[in-house]
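Listed next as C-alpha cells is one chain, alone, in the form predicted alone.
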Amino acid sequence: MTVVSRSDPYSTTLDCGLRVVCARRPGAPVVAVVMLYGAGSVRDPSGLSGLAHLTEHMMFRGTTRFADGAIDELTNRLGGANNAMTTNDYTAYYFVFPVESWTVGVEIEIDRMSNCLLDAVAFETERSIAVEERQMLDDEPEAILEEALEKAAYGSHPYGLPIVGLMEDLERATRDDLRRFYETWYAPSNAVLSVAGDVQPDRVLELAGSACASAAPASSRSMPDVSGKAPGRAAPTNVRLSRDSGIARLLVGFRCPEALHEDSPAMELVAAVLGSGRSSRLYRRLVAGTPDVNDVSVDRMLQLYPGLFTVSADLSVGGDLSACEDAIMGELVELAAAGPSVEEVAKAKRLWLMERSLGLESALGLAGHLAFWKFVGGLPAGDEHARRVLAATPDDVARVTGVYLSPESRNSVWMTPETP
C-alpha cells in the first residue's frame, strides 16, 4: 500500500491498484460513496460505440450476492439514493446513505466490481432501453446539435462518437462483447473509490481491501491512443441542419486544453467572463444588446484529453444565424486583443470560486470532486488547478482566448426550423 496523505482528505493506493480517497466530515448526517472507473466511451471498442454506457446499465442488474433489483430495493429501504453516469473519460457510480448505513454502499461497489451476473435476458432488456435512449436523442434538438459538433470537431477521435452509441453499434453488440469490456476495465487498478462523510479512513480501507482479494485480475489490454488531436483544418467548419425545432439554434465549438494542461485554469475564467450571468460579455452583446437572441450560454468541461469550449445561442423568430456567429467571433477577437478588465477577472474568480464551493458543500459533490482529480492526475493536481485559477491575470485570459478561441479554429452547427 502506498500512502499519499494521512491528512484530510486521506489518500492512498492499495497493493491491487485501487485508489482510495476519504474525506472526513464529522457530524454530517449522510455519507457519499463514489466508485469511478476509467471506463468511459473512449474505451468503447471500434464499431461498438455505446458499450461503456450499456455496461453502466448492467451494473445494476444483479451480482452473485445481490439479486437483480436488490441493489435499488436495499438502497430505498435504508433511505439512500444511488445512480450512475457515463462520460467520455469515465463511468462513475454513487450511493448516498444515512451515516449508520454507509458501509452498504462500499460493499455493493466492491461486490459488483467483479461479480456482476451479466444475465442474457437482462442484457437484451437493457440494450432495448439503450436503443430507446438513442431514439429519444434523435428527436432532441440540443442532442442533435451537440453530436453534430462533436463529429465535426473530432473526426475519428473517440470523443466524436456519442456516449449512448450509434444505433447500428447498439444493434450489433452482444453479451460477450459486454462481458469482455467488463472483465477488461472493471478492475481495481482502473478504479477510484471516494468516500465523504462522518467516517474513519481505517474503516474505509478495511472494506476496500476486499477488492484486492475478490476482484478478477486486470487485463493486459492497453487503453486506445486517443491523446492526439484530430486533423487540423485550414478553414472553419460549418454544419447546417434543418429540424422541426421551432427556433433557430447555433452551437460553436473550439478545441480547448485538457484538465492537466497549464492553460486549463485560465480557460475557466474565459468561460466566466464570456458567459456567467447577465453581466457577462456575450449576454450583454447578444441578448441584452439585440432583439435577435433569446439566450446564450458558454460551456467548458474538464476532461482527460483536449475537449471542447462551446458557445450556444437560441435565436428569436427571424434571427440571423450568420450575424449571431459573427457577433460571437467579434467578442472573442476583442477579448483576445484588448483583454478583460481587472474587475472582470476579479468577478470571474468570485463566480468560479462560489460555484466550486457550492459543489463541495454536499457529501456527494465532495466525493465526486475528489474521485475526478484522483483519477485525472492526483489530488495535488486539483489543488494546483484551483490555485492557478485564482492566480491568473487579465493577460493570461487574453492569451488563452487568442490561442484556443480564434475564428480560424472554430467548428459551428446551425439548426434552422423546418418550413411547412
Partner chain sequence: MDDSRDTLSAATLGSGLAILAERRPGAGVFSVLLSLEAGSRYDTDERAGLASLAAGLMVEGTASSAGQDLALRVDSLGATLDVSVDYEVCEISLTGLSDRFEDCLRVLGEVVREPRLRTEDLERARRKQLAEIDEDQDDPFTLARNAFLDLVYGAHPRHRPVSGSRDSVSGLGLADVEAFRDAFYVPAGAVLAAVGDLEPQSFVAGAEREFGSWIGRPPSRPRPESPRRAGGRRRFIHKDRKQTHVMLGGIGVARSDPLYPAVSIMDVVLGDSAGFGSRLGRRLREGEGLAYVVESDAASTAGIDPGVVWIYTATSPSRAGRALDVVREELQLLGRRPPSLDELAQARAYLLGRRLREGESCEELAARLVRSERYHLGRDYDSRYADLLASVTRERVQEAAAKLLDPERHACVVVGPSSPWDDH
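Positions refer to the first chain, counted from 1. The model shown is predicted, which means the values in this text are computed figures rather than measured ones.
What comes next is about the form predicted together with the partner chain, which is not displayed.
- When the partner chain is considered in the model of the complex, only one residue from D119, D326, D138, E206 comes within 4.5 Å through any heavy atom, namely D138.
- The single contact residue among M301, A288, V333, L260, judged by any heavy atom lying within 4.5 Å of the partner chain in the model of the complex, is A288.
- With the partner left out here, the partner chain still marks one of 107-115, 126-134, 318-326, 174-182 in the model of the complex; by a 4.5 Å heavy atom cut-off that stretch is 126-134.
- Not one of K151, D202 and G382 places a heavy atom within 4.5 Å of the partner chain in the model of the complex.
- In the model of the complex, P158 stays away from the partner chain, with no heavy atom inside 4.5 Å.
- In the model of the complex, no heavy atom of S312 sits within 4.5 Å of the partner chain.
- Contact between Y93 and the partner chain in the model of the complex is not found at the 4.5 Å heavy atom cutoff.
- Taking the partner from the other structure, the partner chain in the model of the complex has no heavy atom within 4.5 Å of any heavy atom of N238.
- Scanning 248-276 for heavy atoms within 4.5 Å of the partner chain in the model of the complex gives R249, S276 in sequence order.
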